[in-house]
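Only one chain comes next, encoded as structure tokens, the form predicted on its own.
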Amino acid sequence: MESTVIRIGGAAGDGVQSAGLILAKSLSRNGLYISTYNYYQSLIRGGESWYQVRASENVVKNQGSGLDILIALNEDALNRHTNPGINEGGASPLSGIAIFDGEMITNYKKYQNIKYCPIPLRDIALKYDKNSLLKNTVALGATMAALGLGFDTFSGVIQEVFGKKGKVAELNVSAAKDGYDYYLKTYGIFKKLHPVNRKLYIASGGEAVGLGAVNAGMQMYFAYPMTPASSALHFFANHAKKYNLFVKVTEDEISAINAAIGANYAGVRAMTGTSGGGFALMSEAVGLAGMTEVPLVIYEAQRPGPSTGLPTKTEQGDLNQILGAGQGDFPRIVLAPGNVTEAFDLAKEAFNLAAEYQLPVFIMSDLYLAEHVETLNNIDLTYKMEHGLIAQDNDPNFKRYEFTESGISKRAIPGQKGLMHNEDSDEHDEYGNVVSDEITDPKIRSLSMEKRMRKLETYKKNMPPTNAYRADGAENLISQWGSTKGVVEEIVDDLIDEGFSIGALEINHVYPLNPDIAGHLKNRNRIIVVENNFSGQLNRLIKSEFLVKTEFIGKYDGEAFYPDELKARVRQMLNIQYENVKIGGDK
């Protein structure tokens, strides 16, 4: 696919991410589809950081391989991103133009296939203000010129971003225009991008989950800040007034999940969110929601573990944790959006599923999806809120945990007349009465367990069909879940163009697995499961559920898959007998 990849490199504190977001918004305002990648460390200042934006007239599904334009804000960034011997988790070195401050950066090695474009960024910025970050705006102006894009749209984005800061907006526009004019006069257009007359919207995965939750009627959000789930918390906090939300930053994750359970029990749509380490503290309360059959939505954004792991990197390593959270057997539903649009859609779906089936529903994301920005496609704001089974006031036959064929029984909201009952974390009978205080009733225990677990069988009958991508008649199948969707779709397209018979199975309803997956797995020469983890957690689930032979490609170096590296691994697997290929470790 024809696209352009731009990377801004610098150190934490250099304004790399802010510059990247302005760039992404400017390209989007020109009617171009975008997808970004945010590479940063835990340091507040210093260290290595970069932000990548990929743009195209066509839909962009991932951050892309290759690098066309580098904006180097310091010497390390210029040397690091031009050196073909340095590989940043699969990111490609530059083969295009490098924009940097030639007065400040003088010690660098020149490589072939790179046009070096030094610009006096700092000197131009100092004409307008002493703030060193103004040089970033100058560099962005030069980038717009290199891409042959008009200045007015870019100027409008700057005024929008800095509009509340008064004169600062004017200074940034003037500095950007100087950078724009300097580049055009000195170097000319590098790669002409053509604006498209259409209105596109961009959002991060965390923002999309937040938008979906609000669209679904969520009224309360409880969380303790933890990267990368904090992007959703920031969205809710920033928009609490606009959407009439109650947002509470609790003292810890235990308080957060129990507050969300209490709110849902009281009839309010509430959610909690965290990452793997924080979720470890929530496990016992997940069991409480399972036993009391209270609807609960949990947003779990993954990062590499164990323990603190890599706080600012990405991985899909928490599926086993989510499936095993809480002691004993009880039903749960796990959703895993594959892109920002699905993050919005599945957040809406999660609240209805929780209400209908009265159980915990997980929205599993990861740092890559939660924090990268991409174009939203076909957003549907219509929503029918499902409240599930609610008892009528003064129902003489009300049994809170009635042994129904579906496993779902009527709820009562506190304050409803004539529906007094007991809700307890202990095992109970149909009325909620504890069955183990004096003597355990084995029959009631069995009936209660079977009642709860029947919910999954009921849900399986109503699950949406599993999506397959170009898989009809394909001899080989790549199976994926969550944020690897975009990169898998792109390499499937490329491999088909190369003559391979291959398609993809896209699993965003991860647990329980849809029975229709069995049909998709039939009559394939090879089934390759791609995951951002070491052990192949979904792979194991697929093999145990459907008794098929699979092969596994994993990546666990803290970075997301890049198209070229994954395509090479899949091609290698299709060409030779190779059981497991892991990126970041041995076979």
Partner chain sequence: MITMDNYKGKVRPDWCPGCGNFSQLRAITEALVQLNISPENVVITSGIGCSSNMPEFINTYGYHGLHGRLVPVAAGIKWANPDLKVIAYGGDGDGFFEGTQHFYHFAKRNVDITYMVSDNQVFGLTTGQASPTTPIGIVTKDTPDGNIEPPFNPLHYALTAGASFVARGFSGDIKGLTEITREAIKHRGFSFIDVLSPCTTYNKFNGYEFYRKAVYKLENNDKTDFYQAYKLASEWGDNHAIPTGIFYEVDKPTYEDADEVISKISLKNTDPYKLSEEDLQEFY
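Note that this is a predicted model, so its numbers are computed, not measured. Positions refer to the first chain, counted from 1.
What comes next is about the form predicted in complex with its partner chain, which is not displayed.
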As a check of understanding, the residue in I189, L126, M463, A266 with any heavy atom within 4.5 Å of its partner chain in the model of the complex should be identified as A266
Out of D497, E405, E251, D152, which one falls within 4.5 Å of its partner chain in the model of the complex, going by heavy atoms?
-> E251
Going by a heavy atom distance of 4.5 Å, is P225 a contact of its partner chain in the model of the complex?
-> yes
Does any heavy atom of K417 come within 4.5 Å of a heavy atom of its partner chain in the model of the complex?
-> yes
Indicate whether its partner chain has at least one heavy atom within 4.5 Å of a heavy atom of V173 in the model of the complex.
-> no
Is W481 one of the residues lying within 4.5 Å of its partner chain in the model of the complex, judged by heavy atom distances?
-> no
Where does its partner chain sit in the model of the complex: which of 179-187, 469-477, 212-220, 100-108, heavy atoms within 4.5 Å?
-> 212-220
Could you tell me if all three of N74, Q159 and V168 have a heavy atom no more than 4.5 Å from its partner chain in the model of the complex?
-> no
Check each residue of 374-392 against its partner chain in the model of the complex and list those with a heavy atom within 4.5 Å, in sequence order.
-> I379, L381, M385
